[in-house]
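Alright, two takes on the same chain below, each alone as structure tokens: structure 1 and structure 2.
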Structure 1
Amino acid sequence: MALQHNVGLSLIFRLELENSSTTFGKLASIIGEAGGDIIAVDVIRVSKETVIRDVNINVFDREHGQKIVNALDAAPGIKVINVSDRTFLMHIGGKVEVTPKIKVKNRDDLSRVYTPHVARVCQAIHEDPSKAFQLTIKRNTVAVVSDGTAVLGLGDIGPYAAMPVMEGKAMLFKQFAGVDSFPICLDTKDPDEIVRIVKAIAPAFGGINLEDISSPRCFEIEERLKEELDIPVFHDDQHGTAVVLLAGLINAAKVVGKRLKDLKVVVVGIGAAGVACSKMVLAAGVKNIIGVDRVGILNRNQDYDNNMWDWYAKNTNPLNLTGTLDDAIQGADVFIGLSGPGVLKVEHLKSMAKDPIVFAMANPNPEIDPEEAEPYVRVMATGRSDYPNQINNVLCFPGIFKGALECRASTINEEMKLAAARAIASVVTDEELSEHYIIPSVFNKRVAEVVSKAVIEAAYDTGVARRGDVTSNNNF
């Protein structure tokens, strides 16, 4: 059965129509003939002569929307007053807000949440800084930090334009795991300054989620912050992607009846996510990983300007293959794409091993069109929500931070990430598992809870959980 994908844009057309029994029928006919899909209709205002209606229409893109506008404008008795993009409407004024947990109802309440009685709480934290985890928002709050240099598929669009993404991330933290977070977009690209700023704001937060920072700067920034802070620092573009990818790969391997240690895996796009995914797959037991980037197959015969590529060449590609993707893909069991559209061809799929697994995760356009790949692939996954098997970081970061915060972990280590991946994979039962369902839905409420519990257990097993270190809860 061919895979279907949804239209990409939802528009609200505010229309003035002649108050006639035939006008709406004409309206619906025009929209249908133009390829639009009417989702909802609301009456705004009615007079004897006219009716103002809001008509919600799904279209493929802006060009398609303009085609419908032109068709409606040309029709007698129909006037287009305004067209609004529903996505833009959801962003008006921002998507997050700060609300108090306690209502200040009288002067006594005011004196306890603020001056003068708050001074005793401040003094308690001054005498024992660890009490900040008990007595402030630090215990359940994450900073979502970006410099806007690698936003989604848009690239370096700057800190102002990055804010809607970071706000969305803050919403997801709260909705899926009950974790409070705040978007912080920095107007600097200097790694030294980013590290300095994040260290300076760290007292207010229990964890740092780095987001959309370009490679290779992101590696240095994360490593330095992990060394210099005693709270978890997690670059989600690297590790969140890697955790969810591994969860999908665990289940995809079950579907095709192959063991992880026997897989030949080709990774295209050796940037931040590509490196992290490769490290995670190696840690899970895969032995034969071949990395391909614009210079071809990364191999030990070459010296690279990129230090991470040097590391990659030394720690992957056990047969030291050289050449291009054409050479690497021969007999491969798994393709992992973190690059761009059009990289993977049908000819490549035909040269892979039996029952190939393809993770084409470039967004918004994957390395190969899923409909084109379907006849040649046993298991297909993308980064998109309109195809089966979406590799989405939302399955990882809420639960992994929830667990890390609950046990007051000092870091998020490899064992915690592996535990998270296995937990995500476990949510899909053997009865549910199939080619089109290797990864749970982002709306599966079990995911964050299962992940957080697995992360807590791994944190205690590896000695990075600190909640048991609190010897006294005496605040006097």
Structure 2
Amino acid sequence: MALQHNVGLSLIFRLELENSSTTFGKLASIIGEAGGDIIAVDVIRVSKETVIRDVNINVFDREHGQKIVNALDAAPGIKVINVSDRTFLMHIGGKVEVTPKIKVKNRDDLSRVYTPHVARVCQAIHEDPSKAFQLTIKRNTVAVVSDGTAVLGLGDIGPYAAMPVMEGKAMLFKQFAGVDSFPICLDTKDPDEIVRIVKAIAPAFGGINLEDISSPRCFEIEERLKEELDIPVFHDDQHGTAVVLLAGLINAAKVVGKRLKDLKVVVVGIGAAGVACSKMVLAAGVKNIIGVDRVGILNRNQDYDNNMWDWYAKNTNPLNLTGTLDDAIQGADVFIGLSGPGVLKVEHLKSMAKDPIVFAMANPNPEIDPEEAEPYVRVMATGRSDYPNQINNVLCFPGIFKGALECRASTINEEMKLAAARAIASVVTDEELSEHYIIPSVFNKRVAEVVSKAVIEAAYDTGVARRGDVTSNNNF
């Protein structure tokens, strides 16, 4: 795998070029010599003396971008007017908006969508609150709620800085599954207050997607909300990630010809995602899982001030190993990283069993660079969009909520999650399955469709679907 430009840093250089001294060929060679990769060129304005062009260039990082600016500045006949980052341009003013479904064309329409006639609809819901699912956005709308304490792998960056991720989730809900959602970032870290606020806003929503709330607070918050609300509450970093991880593991195990129950699996980062992924992998039949966090291997000789780690130590690590990742990784078949960059070294890969499977899922930067790992692993996956095998919860949350909303499920239970994982894995056929294709692309339209169908079936089978066969449209 050749080292590639980081597609995240795509810069648009607005340049003024003197016609008498600067050809496009000269410009291209200056950029090429500085290591820039020209992606597109636009002409903005032409005059007798000059031409203004927008040149879109992929660069490795900010420093590299500056190097290209310096090279262009130093060339006679070229003036750098402005440099903008395409990613930032895509965020100007936010990424989502609210669009009405009906156009209000005249006073008659106005009197129906709004006062006075809307009052009759309000009365109908007042008399039968379940009509909120029929007559309001509750039917198809999810709240994406974060407190900004574990945003991607960036940590506690606060509710303002968390918004771009939550807006991104809202876009993906709509694009991949037609589900509407609002990004909601709370300026509090207090679990009691978060539970109170989410309960208070719940009437407008058919589901609550908790996002990027740090562990162990996220476990308590989710449990309490699940108990107290009658709509699905789903902590995406836990369960969405676990569903997709299991789908990837089912297919990766097929590629290397190993059975789940025989695998030795090492999970690094026993936080929200690490705990849920481990539980899901255990439920799927894996027996030997070892968890590693900053304190080393989680084992039964220790008492942790994190209840979840005590649970983890009791229910994993059958040989009660102690030590660090160096010890845990010996002879492991699978590495699952849900921690941060640079945790996994080539030396670790060399000490794994034959045909190592490495899922380095930390975002935005994985536990090891895929280029560095590739020579030593059989199956490599990351959470990123710019490498093959993207194991990311975006394969799960749109479809799982689509299914849950369609059948008005009161919760998203283990059976629904397992059904979603199997459905995602099934999208890759045996003929297509290979080291580089264990998991479908997020752009594969079938994913949300098969996930929602499987989830609806599991919801009815387990008695949590509330949409009866007999639905009356009689609104009088």
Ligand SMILES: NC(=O)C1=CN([C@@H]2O[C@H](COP(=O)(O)OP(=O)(O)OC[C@H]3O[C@@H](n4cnc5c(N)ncnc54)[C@H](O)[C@@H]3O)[C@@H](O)[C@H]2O)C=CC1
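The shown structure was predicted, so the numbers you read here are calculated from the model rather than taken from an experiment. The first residue in the sequence of structure 1 is number 1, and each one after it adds one. Basically, rigid core = biggest C-alpha set you can superpose within 1.5 Å across the two forms.
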Next on the checklist: Can you tell me whether structure 1 or structure 2 is the form predicted alone?
Outcome noted: 1
Checklist entry - Superposing on the rigid core, does the Cα of residue 348 end up 2 Å or more away between structure 1 and structure 2? => result yes
Checklist entry - After the core is matched up, is the C-alpha of residue 329 off by 2 Å or more between structure 1 and structure 2? => result yes
Checklist entry - residue 212: with the rigid core matched between structure 1 and structure 2, does its Cα shift 2 Å or more? => result no
Next on the checklist: Give the rigid core superposed Cα shift of residue 376 between structure 1 and structure 2, in Å, rounded to one decimal.
Outcome noted: 2.9
Checklist entry - residue 21: how big is its Cα shift between structure 1 and structure 2, in Å, with the core superposed? => result 7.5
